[in-house]
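One chain is shown next in structure tokens, namely the form predicted alone.
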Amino acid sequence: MKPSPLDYVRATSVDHAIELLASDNDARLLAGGQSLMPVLNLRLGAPELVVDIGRIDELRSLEFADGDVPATRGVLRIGAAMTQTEVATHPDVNGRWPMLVAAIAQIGHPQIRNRGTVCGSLAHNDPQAELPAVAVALGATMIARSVRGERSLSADDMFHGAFTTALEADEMITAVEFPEPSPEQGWSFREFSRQPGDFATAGVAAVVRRNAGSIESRLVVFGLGGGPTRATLIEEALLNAAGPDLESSVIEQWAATLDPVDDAHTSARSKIRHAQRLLVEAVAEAWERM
């Protein structure tokens, strides 16, 4: 199939792009196109204007900045036109943000990662996508701009449900910032899919850290139908835990809060079973890395 008739404009700057967004509430941004083009071709969306931001130089940036405290930690700032492959293959990202690299490796196939952008995946917020879950687990911050100015959105506040975010219709993500993991932090990223390259049936991004005698964690589940979701019951159970072994009653109590739906490939019950198994495995692996 082909898209409905539309106007295509290649933006020459961020200011140009946000002016175009402000002129049409139904305008859509095109960066890598790996999320937008299927929507257009299947006519699941029919915007009258598509704004291409893929060749804006100021968005093709990968920057490393010093953090506030401790001084050894930094911040990775990824511009909106940087592809997933460009991010994952950068040697500094490989050495300092291993969960982000591990998650990108699970996205589709190389052809998709070569075109798809990190910020595009965050803005699209497919419930089966890896990067929104990683953003929540690592405490990322999205930088959004419109003609009204610039604002920061924490990952906890960004994702509101399947394909829904806190972005206004005239806003675009210009960059995302990932704080550098602390040396005391363990991590794990696990997902299950029917075969390599498929969307995840279920997945978990886990971060575990010791802090003043307690165990702090950020455990994020995805693929169940509602976007990235914190497993807060499990996080609370780990606070005073002596080890990574989770009681079956806690796992069952947490699973009872999930409400996935059947799809063409997997039943809701199977999704819950996969999520339970992956969560237990992810907590154990993150604990070992701590």
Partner chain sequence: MTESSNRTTPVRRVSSPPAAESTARHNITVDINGETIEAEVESRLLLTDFLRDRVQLTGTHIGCEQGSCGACTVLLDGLPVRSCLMLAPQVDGRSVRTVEGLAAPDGALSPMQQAFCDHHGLQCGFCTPGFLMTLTSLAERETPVTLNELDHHLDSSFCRCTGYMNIRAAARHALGLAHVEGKPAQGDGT
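Residue numbers count along the first chain shown, from 1. Note that the structure is a prediction, hence the values are computed from the model and not measured.
Unshown form predicted together with the partner chain; subsequent notes refer to it.
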Please identify the residue among Leu30, Leu59, Leu224, Ala237 with any heavy atom within 4.5 Å of the partner chain in the model of the complex. Leu30
Contact residue in the model of the complex, from Ala256, Leu42, Ala65, Val261 (heavy atom within 4.5 Å of the partner chain): Leu42
Gln34, Ile112 and Arg277 each touching the partner chain in the model of the complex (heavy atom, 4.5 Å): yes
Would you check, heavy atoms only and a 4.5 Å threshold, whether Gly74 touches the partner chain in the model of the complex? no
Are any of the heavy atoms in Met290 no more than 4.5 Å from a heavy atom of the partner chain in the model of the complex? no
Although the partner isn't part of this model, could you tell me whether Arg10 comes within 4.5 Å of the partner chain in the model of the complex, counting any heavy atom of the residue? yes
Is there any non-hydrogen atom of Pro38 lying within 4.5 Å of the partner chain in the model of the complex? yes
Answer range among 162 to 170, 95 to 103, 191 to 199, 148 to 156 for contact with the partner chain, defined in the model of the complex as heavy atoms within 4.5 Å: 191 to 199
